[in-house]
Structure formats: structure tokens, C-alpha cells
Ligand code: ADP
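Quick setup: one chain, the form predicted on its own, written in C-alpha cells, and binding and motion questions come after.
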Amino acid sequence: MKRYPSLLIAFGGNALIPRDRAHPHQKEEFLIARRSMEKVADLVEQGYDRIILTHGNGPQVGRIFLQQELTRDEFPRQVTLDVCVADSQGRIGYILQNVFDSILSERSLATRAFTIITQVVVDPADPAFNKPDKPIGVFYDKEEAKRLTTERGWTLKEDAGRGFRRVVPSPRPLMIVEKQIFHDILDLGFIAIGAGGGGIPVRRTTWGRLEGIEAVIDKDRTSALLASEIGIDTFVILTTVKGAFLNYQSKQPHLIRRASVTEMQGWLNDGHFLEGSMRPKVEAAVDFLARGGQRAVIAHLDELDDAVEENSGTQIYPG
């Protein structure tokens, strides 16, 4: 009998966002999620039975912040960033789980999904806390930016002439708090959904307590860590391009179809992958393989089946 490798599939936050609009209606989110989950259901139907799904939350967290700002006079309060990430995890996890279970039921498949609200430990001494650079939320004018800096202690930076945005630290993930729960869910035969938006950033106090912290963790780095800690075979990063390219901004970009960790690390060192775009994805793939993973893939959202079967995307192997 064929042994199917275990998979961690990392969807970007755009898995629920229309490609022509940034603010979908709620019903549209379910329809768009269905398009992505149909492809995962295809894998289940083929025989893949140990699957973890992770997802981004950038657009959704941006909307949560926008809702706060639009209602600040009626409901004056400040929801911290860790709680905003938790809100988005619950919302997106519910949508993906609801749609996925419906698809499996329609296909008479017994497997079901289970969403795990996921906390991720970070180091408060991480250098990222001294240099916040991850933009979130809406744009403000100069006067509003000054007010928020004074009243809330936020760091805001001018963004390409469009106004000022809040920037927050993006520390490296150290540990998945709910790691054992992911193990248990997979062993029970469920598809696990979790680590949304890179996970809820928390620090562990000297008394052993977990406390939320104002930060955003890169979801691909968290996904790589989770895949390594669970012992996943294949790590798939889905995005809106065909894969990783050399000379991406040139007139003749070259899609990398197969490469070793050593080759990808060399191209990283040479600056082929853009910061805030493809670079963290390649770094996450390299990190996963360095920790003992068997294969990492960076591929287009619409080509999941082919990517898993090694027929599309950028396929990266140890060595």
C-alpha cells in the first residue's frame, strides 16, 4: 500500500480575499474558502490522511483595526494585538473548518477538520522589539500619527507618501504551545487547522505564566517550526505566484523548479528574494529542511495538487 507523506499546507491571508477587491462580503469569504478547501479535499480523497492547514491573516487583522478606528468614539477601548490575532484565528478557522467539513460530507468522506487556537512563544529580548518594521492597520495623517504615538505609545512610519501606518515587531517563533494538541488531533484522524497569522504571540514569565505580547509573527516561519515539531514530511507554502524566481524584477525572471537547500541558501545570500515578499518564504523552507524535513514547496494557490505531486512550483530538497 502506498504511503502518503504528511503535509503542512500554509495558505496566505489571500485564501479568503477576492483577487480584485480587498473587502469581500462575508458570504464571499465562504465561497472563496471553498475554492481552496476543494483542493485539500482532493488530497484527502487521494489518500493523504495527515494534514495540517495554516493560514495568514494580514487582510483580516487590518479590517479589525479599521473597525476599531471607525468606532473609537462610540466604543473607546484598545484591543491589544495578541487578542486581534486570536479574533482572526477564530474567524478564519471557523470558515475553513465549516467549508471543509461540508465538502468532505458531500463526498461521503469521514474525515473532519478541527481548529486549534494557537499560541506561539517569542523572546521579549528578540532584536525585532528594538526595530518594529511590520506594517499593520490603516493609514493616518501626520497629526493623527503624532496623537497615537503620544496616547498609545505606537510606532508609526510614513509609507510611500500614502500616510503613516503603525509598525510592530516581528520576532522569531520559538515554541508552539499547543504542539501536543496538533499531534493528538492528527492521531485521531482529523485534519488540523491552526497557527493562523503566525500564531498568537506570547511570552512565558518567570512564574511560568503565558502573557500576550504586542507583535506579529511571520506565518511561514511559524508554519515551518510547527511542521518540524510535529515531524511533517512535506511543507507546502501557497502564494499568488508560480514559485520562487531568480532575477524576479528583471525582464527575464527565471522560475526555480528544483533546488537543494544549499542552492537556495546561496541565492538567499545573493539577494535574489525580496524582503517582506519571497525571502521569508524561502527562509522558512530552508529552515524546515535544515531541521530534518523531507521536502519543501513554494507554489501557486491554484496548483496545490500538482505541487504536492512534484509537478509544479519550486521543489526544494535536502542537500
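Note that the structure is a prediction, hence the values are computed from the model and not measured. So that there is no doubt, residue numbering starts at 1 and follows the sequence shown.
FYI, the form predicted together with the ligand isn't displayed, but the following is about it.
At a distance threshold of 4.5 angstroms between non-hydrogen atoms, Thr239 is in contact with the ligand in the model of the complex. With a 4.5 Å cutoff on heavy atoms, Ala290 does not count as touching the ligand in the model of the complex; it lies far away. Although the partner is absent here, Leu31 lies well away from the ligand in the model of the complex, with no heavy atom inside 4.5 Å.
In the model of the complex, at least one heavy atom of Ser277 sits within 4.5 Å of a heavy atom of the ligand. Think of it this way: in the model of the complex, the ligand has a heavy atom of just one of Phe139, Phe129, Phe245, Phe114 within 4.5 Å, and the residue is Phe245.
Of the candidate stretches 231-239, 90-98, 207-215, 146-154, only 231-239 has residues with heavy atoms within 4.5 Å of the ligand in the model of the complex.
Contacts of stretch 253-273 with the ligand in the model of the complex, defined by any heavy atom lying within 4.5 Å, are made by His272, Phe273, listed in sequence order.
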